[in-house]
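The data below hold one chain only, encoded as structure tokens and taken in the form predicted alone.
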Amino acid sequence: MFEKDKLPNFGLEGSERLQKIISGAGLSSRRGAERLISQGRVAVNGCLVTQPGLKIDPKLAEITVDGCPLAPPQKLYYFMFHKPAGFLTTLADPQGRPTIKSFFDRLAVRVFPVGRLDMDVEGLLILTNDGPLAKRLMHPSSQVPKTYRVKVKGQPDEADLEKLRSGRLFLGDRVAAPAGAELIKTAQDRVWLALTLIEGRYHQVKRMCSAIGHPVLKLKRISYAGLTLGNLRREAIRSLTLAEIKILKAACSPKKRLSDP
């Protein structure tokens, strides 16, 4: 709430929610911003605001948190990272195991990985400080496609591949969504497959391949949300192009039909 006799001109036309503005400035997550507001630590044009959801025009209003002016909205960054095997997809590990954070020291900005790859898996990871986009990409309803190059034991036949494609393969208490499954290389008792998933369940590729009797020997993610790893070398990080950022956003657009991978 705020004092009615000091009601500022928040500029409702073309406005944004206060917690979104605070989050966009990089001070906290949107939920954290709501807590700051509820705790009475946020003022707009000198007036204390304690109810999240207030809409204002950030160009017309002065916002302070704990008496300090809010910084301008942070610039958003988007990167592609070729994660090597042997590193956890996290920024800190209480057990002291190696994490991907060591590769981010070369960046001048703070970013976070979108989703995870197992410690023994290499491949494409998206890094960004765009929290809302990251959440949309990871939400199950977005059905963002992820393609893996998988080395499996034995010689899966077409019937095995059809089990992966069918949407009838049980993992635990429910079936896995239909997957794209193609044979791409055969060598003695080892076969390489290309698997495309639209869900991200725990150890899903490994569990699906084990379920058809062909355990995974090596795993690499080569595509995510329409972007491909290409020839980006292992451990390298590069900025996404504007076209690639548009592809990411389109992959989790609310207008995208759920049946479209």
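One rule holds for the numbers: they count along the sequence shown, beginning at 1. Note that the structure is a prediction, hence the values are computed from the model and not measured.
This protein has a second form, the form predicted in complex with a small molecule, left out of what is shown; the following refers to that one.
Per the 4.5 Å heavy atom criterion, the small molecule in the model of the complex is contacted by stretch 114-122, the sole one of 182-190, 114-122, 169-177, 153-161. Scanning Arg41, Lys218, Arg234, His203 against the small molecule in the model of the complex with a 4.5 Å heavy atom cut-off leaves one residue, His203. At a distance threshold of 4.5 angstroms between non-hydrogen atoms, Tyr148 is in contact with the small molecule in the model of the complex.
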